[in-house]
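First, one chain by itself: the form predicted alone, in structure tokens.
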Amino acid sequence: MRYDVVGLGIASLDLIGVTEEQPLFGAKQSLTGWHEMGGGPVATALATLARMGARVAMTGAVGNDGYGQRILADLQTVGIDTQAMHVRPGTSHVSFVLAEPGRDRRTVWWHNDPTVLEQVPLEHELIRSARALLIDTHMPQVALHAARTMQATGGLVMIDAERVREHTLELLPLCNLIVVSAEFARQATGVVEPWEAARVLHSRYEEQLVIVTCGAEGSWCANKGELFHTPAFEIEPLDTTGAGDVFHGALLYALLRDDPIRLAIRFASAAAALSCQGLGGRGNLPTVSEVEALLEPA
């Protein structure tokens, strides 16, 4: 295998404003800091994997604008192979993030050009060259073909889903690892409580492993008929942007080195916690040794 993980999804440029005050709409407020860095769910998960020493590549598209050039350069800087990234006419995915240090909250506004992401060519050989495929919900039609390609090779398919979009539910039966937000789980099942939603998804989709992430409240996992909770690490967050993306990347890393599922989720939770001590999704990507140090008993 050429790669441990190939990702298909959004790569963005994140513009991060930092405030110490409670945000007020309709008012002028100063920022205490400003940062710019690459972002996006799949892209940040791959950056996490690369930081931990995994071989990773990404396929998707950016616009033929200055932002697109910066996004590609940033992916390459963090160790992601971008040979299968396409540059297409239009504007790239850009997010503005308002970070509130000390609070388990951030606000994100984003924009992309749908035509840039439509009918992105699928790199079948790239998919087959990897042990695992990570997808999000921004390019569902391409993701469907990619998941089927990976499924045929016997590799792992993980989905990162924050909300239900058109065709999203068609992807779930093709995924070995359904790792979704509490909001997605609620929308997909109609069940409010995350643990019950995890159980419903687990029974609905041919007994795949299901994890519902709940931020500071940890995560719920349903696997092989078992339902269990993994608490989040107690930290003072600087910025929670991208913590879920880091969780996905670290979880895949742990599973690909054959960690038992409970230990893999704990590893991913520790990585996500460490990421919250930096600004932006990639401001504090942890190494394996840093994660394992946090996991060691005091």
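All values reported here derive from a predicted model rather than from experimental measurement. Don't overthink the numbering: it's just position in the shown sequence, from 1.
The form predicted in complex with another copy of the chain exists for this protein as well; it is not shown, and the discussion that follows is about that form.
Put simply, of Gln76, Thr107, Thr153, Thr115 only one has a heavy atom within 4.5 Å of another copy of the chain in the model of the complex, and it is Thr107. For the candidate set Glu162, Glu196, Asp81, Glu123, a heavy atom within 4.5 Å of another copy of the chain in the model of the complex is found for exactly one residue, namely Glu162. Thr32 belongs to the set of residues with a heavy atom inside 4.5 Å of another copy of the chain in the model of the complex.
Contact check for Ser95: a non-hydrogen atom falls within 4.5 Å of another copy of the chain in the model of the complex.
Contact annotation: Phe233 falls outside 4.5 Å of another copy of the chain in the model of the complex, judged by heavy atom distances. A residue is said to contact a partner when one of its heavy atoms sits within 4.5 Å of a partner heavy atom; His145 fails this definition for another copy of the chain in the model of the complex, lying far away. The chain is drawn here without another copy of the chain; in the model of the complex, the stretch among 205 to 213, 145 to 153, 123 to 131, 67 to 75 whose residues come within 4.5 Å of it by any heavy atom is 67 to 75. Looking at another copy of the chain in the model of the complex, residues Leu15, Gly26 and His111 each place a heavy atom within 4.5 Å of it.
Along 226 to 263, no residue reaches a heavy atom to within 4.5 Å of another copy of the chain in the model of the complex.
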